[in-house]
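Just so you know, structure 1 and structure 2 below are the same protein chain in two forms, each on its own as C-alpha cells.
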Structure 1
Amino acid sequence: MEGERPSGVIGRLLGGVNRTMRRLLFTFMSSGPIPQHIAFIMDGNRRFAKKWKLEEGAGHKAGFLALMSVLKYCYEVGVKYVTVYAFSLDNFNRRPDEVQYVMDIMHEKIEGFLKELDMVNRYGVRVLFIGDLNRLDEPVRVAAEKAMEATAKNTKTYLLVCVAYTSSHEIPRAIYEACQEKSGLALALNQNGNNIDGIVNVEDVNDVIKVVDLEKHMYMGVVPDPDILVRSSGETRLSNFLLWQSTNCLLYSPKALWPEMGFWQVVWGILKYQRSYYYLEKKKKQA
C-alpha cells in the first residue's frame, strides 16, 4: 500500500527522513481545521502521456500511481472522505478502444484491491462506487460490487470512486427516486384508508418534495458535502462533477497534470482551505 521501493541503506534512510518530515508537517497543519471530505477530478492523464511521449494508455497507469500517493497523504493528514472522478458518462463518447482500456485498468486495479483485502480492512477503508453502474462492463460491475460488499463494515475512512457519473444524471435520478418514495407513501396512506387530506390533496402537492428529499436520494447522499474540490491540470471547470454538492466548497485548480499531483498540491489545497475556513463556515451556517 505504501508503494515505496527501498533500495539500499541510503535509500531507506532518505525514505525514512522523508516520511518523518511529512508527518511533522501534517502534525503542524493539524493545529488548524482539516477538511473532512476532499474530491478530486483526475484530469490530465492523456496530456501527461503526450508530454512525455509515452505510449497511449500509459498516462492512465501513471495516474493510478498518483491516485495512490494522494490517497495516502489525505488519509495521513486526517481526511475522512475522499471522492475521485474516475469516469464520466461523457467519457463514453471517447474512442471505443480508449474506453475499453480504461475499463480494463479499472477491472485490473479492483481485482488487485480485492486480493489485498486484509490490509485494506486493517486500514479501515470503505470503498463505494458511485454512478450508473449498469453502464459499466459486466466484469467491472461485478468486481466493483464485490469490493463494496467486502469493505462495507469499515468506517475509518471512505473512498468514493465516481464511475459512469455526471451531476446531470444524478439530479434527475434523485427526483425520480424521491417521486417513487412519495408516491409509495401516498399509496400506503390510501390503502390504509386514512383521510386523504394528507399529501395527496391537490392543494398540498406543491410541498410534497423538498430539497432534503432530493439530497437523501442523491448518489452522494451517503457522505457529507466536500470541503475542497480539486481539479488537476489547471482547468477551471467542474465538468458535471458534484455540481449540487459544491455549494460551499472551495474550488482549487493546481496546474499540475494528474500524474504529477502529489504531496505539495495536497498541502497547498489544505492551507487554502484553512485560510478560507471561517468564511466558508459562515456561508454554511447562513444556508
Structure 2
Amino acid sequence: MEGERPSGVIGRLLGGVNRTMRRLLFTFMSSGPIPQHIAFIMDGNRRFAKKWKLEEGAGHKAGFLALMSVLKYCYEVGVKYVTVYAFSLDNFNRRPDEVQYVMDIMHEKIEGFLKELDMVNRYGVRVLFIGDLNRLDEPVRVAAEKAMEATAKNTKTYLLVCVAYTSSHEIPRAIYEACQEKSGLALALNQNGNNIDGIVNVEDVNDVIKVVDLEKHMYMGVVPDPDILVRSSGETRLSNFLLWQSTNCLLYSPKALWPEMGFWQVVWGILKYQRSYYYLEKKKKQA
C-alpha cells in the first residue's frame, strides 16, 4: 500500500494549527463584547476579476467562497446574525441581459449554498431572504423559498440575504402597512361597537404612527439592528442599504475587495467594535 504523501500530512497539520490558533484568538476576543449582528455590503467582485484578468463571472464565484469563509468566522466567534446585500432593487435598472446574468448567478449560488450542508448543520444556520421577492425570476424565487424551508428549524445562527431590496422601498412600504393596520383596526372597532373580542377598545386606538409600528413592518424587523455595517473595497457609501437600521452602528470599510475578505477583516472589524462599544451603547440609549 502506497504511503501517504508528505504534502497531505503537512497540509492537515497546518490546518489543525490554524484552527487551534483561531480558536484561541476567538476565545480571547470573547472576553469583550461580541457583536450580535454584522451586515455586509459585498462590493468588489467585478474589480477583483478585472484586477486578476479573470473571465466573466469568476469574481462572483470567488466572492461566494469568501462569503462561506466570512460566515464561518462570524459564527465561530459568536455572531448570531449575518446580513448580506446581494441584489439591490436599483440593479433592475441595468440592461436586461446584465440583470438576467446576475439572476442566473444568484440561482447558482443559492443552490450551491444548499449543498454546503456541513456548514449549515454545524452552525445551525437559518436562511432568510429579505426584500420584494416577487421581483425575482421564478427559478431564483423558488430556490430562495426552498432554502428558507430547508433551514426553517434552525435557530442557532441566521443568514439574511437582502435581494430586490433598498431602504427607500422598505421604509415607505412599512409606513403604508402601518397606516393600513391602524385604519383597519379603527374600522373594525367601529363596526363591532367600539370593541373587538372584549380586548381592544376604541379609546386605545389613535391615529399616531409610532416608531414601533413602523419597525414591525420593516423587512428587517425580524432581527435586531446591526452592530457593525461592513462595506468591502474601501467604499464608504451605504448604497441605500439598512439606512433605518444603521443609525447607531459602527461603519467599517476595509480596503479588501469582497473576494479578498476573510479572517483578518472579520477580526479587525470586531476589535474596532469593541473599542467603540461604550460610545455606541451611549448613543443607542440617547436615541
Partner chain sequence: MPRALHLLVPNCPLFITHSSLPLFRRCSHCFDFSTSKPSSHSESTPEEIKNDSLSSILALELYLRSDAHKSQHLKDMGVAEDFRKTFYRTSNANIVFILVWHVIHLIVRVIYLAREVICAIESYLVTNEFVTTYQPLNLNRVKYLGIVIDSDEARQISEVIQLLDWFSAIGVEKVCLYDREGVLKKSKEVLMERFSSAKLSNEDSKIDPIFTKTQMEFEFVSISDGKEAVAKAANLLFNKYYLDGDTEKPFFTEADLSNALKNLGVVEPDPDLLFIYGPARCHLGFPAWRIRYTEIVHMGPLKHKKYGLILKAIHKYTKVKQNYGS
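This is a predicted model, so every value here is computed, not measured. Residues are numbered by position in structure 1's sequence, first residue being 1. In this text, the rigid core denotes the largest set of C-alpha atoms whose superposition between the two forms falls within 1.5 Å.
Comparing the two isolated copies of the chain, the second one is the form predicted on its own.
Positional change of residue 94 between structures 1 and 2 reaches 2 Å or more at the C-alpha, relative to the superposed core.
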